[in-house]
Ligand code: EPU
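The chain below stands alone and is given in C-alpha cells; this is the form predicted alone.
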Amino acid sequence: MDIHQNYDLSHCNSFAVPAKARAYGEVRSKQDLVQAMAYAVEQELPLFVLGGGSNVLFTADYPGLVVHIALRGIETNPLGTEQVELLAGAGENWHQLVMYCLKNKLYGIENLALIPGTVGAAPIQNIGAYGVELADVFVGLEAVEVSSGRTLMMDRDACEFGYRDSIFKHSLEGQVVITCVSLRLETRASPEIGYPALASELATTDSAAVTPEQVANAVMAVRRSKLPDPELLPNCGSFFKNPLVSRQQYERLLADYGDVPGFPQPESPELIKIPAAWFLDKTRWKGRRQGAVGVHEHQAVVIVNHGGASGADVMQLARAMQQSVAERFSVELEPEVRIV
C-alpha cells in the first residue's frame, strides 16, 4: 500500500473544506489495513479512518495517518425461505448497495436510499431515515482492533446502537476499523410508508399496492427536494441531530408555540424527538449567510459551503446556531457531523 505525505483532503470530504493529512493511504484489503496500522505505530502517528467523507468536518490539518477504506465485495446467504443475510465490504457505497438490493429483490433498506457514505460508516452512525434505521436489519460486523490487529466479530447488542449513535462513537472510537457489515433482508416485500413526508409523497398511490421500488423512488424524491447536492453545493446533509426532550419540556413548548412536531420514542416513552429544523426555523436561520458559509435556503438544518469556506468557518456558524436555540428554547443541538 502506498503512503502519501502531506496529502490534500479537500476532495475527500463533502464539505470541500481545505485540510491536509500528514500521511494518507487507501486500504483495499485486510493486508493493506494491517500495513497501515503498523506504519502508524512505527511513525507514532494517530490513525483516522475515512469512508466516503460525507459526515466529517475537518477543522484543521490532521497530524497523523488518514486511511481511506476501499474494501469491496457483496455476498448473500439464504436464511430460511424469506430472509437473506447480506455481507458487504466496508468500502461499498451505501446508496449503490440499496440499489443492488432492490435489483436483486432484497428488501428492508429501501427507505435508506440516497444516504451518502459507505457501508462501514453506517453502523458508526446507526444511519436512519423515513421510519427505518440500520439497527432494524443489522446482524453483525467484522472489525480489526487497532492495538492488536486481531479480527473482532460484533453482533447488534455489542454495537450499543442508539439514535444516530453507537459504541464506535464512545468507548471504541478510534479503537477498531470496520471491514465488513452483515444485514438480514427480506425476500418478501413489506414496505414501511408511515413516515409523514414519505406518506405524503406516496399519497396518490394505493398503500396496499406500494412496492419497495416506489418507496425508494419516493425517498429519493423527498431527499432531493430538501437536501442540496454536495457536488453542486458542498455540504454534509443534516448538520445537527434531532434533539430528544422530556415529555414535560415538550408540553411546555406546546403551550408556548402550539405547533411543535414531536415523535415519542418507543424504547423511551418519556422522551420526545423534535426535528432540529423546527428550532432553526423558529430562530430564522434558513438562508442566512456568514461570509463563504451559510444555511441552505430550503433546509435550516443543512450548512453549506458557498465556496472558499474553512472548517473553522463552518464551526463558527454552527456554534452560533446552537447558541441561539439554547438561549430561546433551552435545548442543546448536538452535531450529527463528525468534527475532526
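Each residue number is its position in the shown sequence, starting from 1. All figures in this text were calculated on a predicted structure; none of them were measured in a lab.
The same protein also has a form predicted together with the ligand, omitted here; what follows describes it.
- The ligand is not drawn, but in the predicted bound form it has no heavy atom within 4.5 Å of Ile69.
- Not displayed here, the ligand is approached by Trp278 to within 4.5 Å at the level of heavy atoms in the predicted bound form.
- Contact annotation: Tyr107 falls outside 4.5 Å of the ligand in the predicted bound form, judged by heavy atom distances.
- With a 4.5 Å cutoff on heavy atoms, Lys30 does not count as touching the ligand in the predicted bound form; it lies far away.
- Only one segment in the set 250 to 258, 210 to 218, 162 to 170, 135 to 143 has residues whose heavy atoms sit within 4.5 Å of the ligand in the predicted bound form; it is 162 to 170.
- Here is the short version: of Gly91, Pro191, Pro230, Gly128, the single residue with a heavy atom within 4.5 Å of the ligand in the predicted bound form is Gly128.
- The three marked residues, Asp8, Tyr24 and Leu65, fail to reach the ligand in the predicted bound form, with no heavy atom of any inside 4.5 Å.
- Along 223 to 238, these residues reach a heavy atom to within 4.5 Å of the ligand in the predicted bound form: Arg223, Lys226, Leu227, Cys236, Gly237, Ser238.
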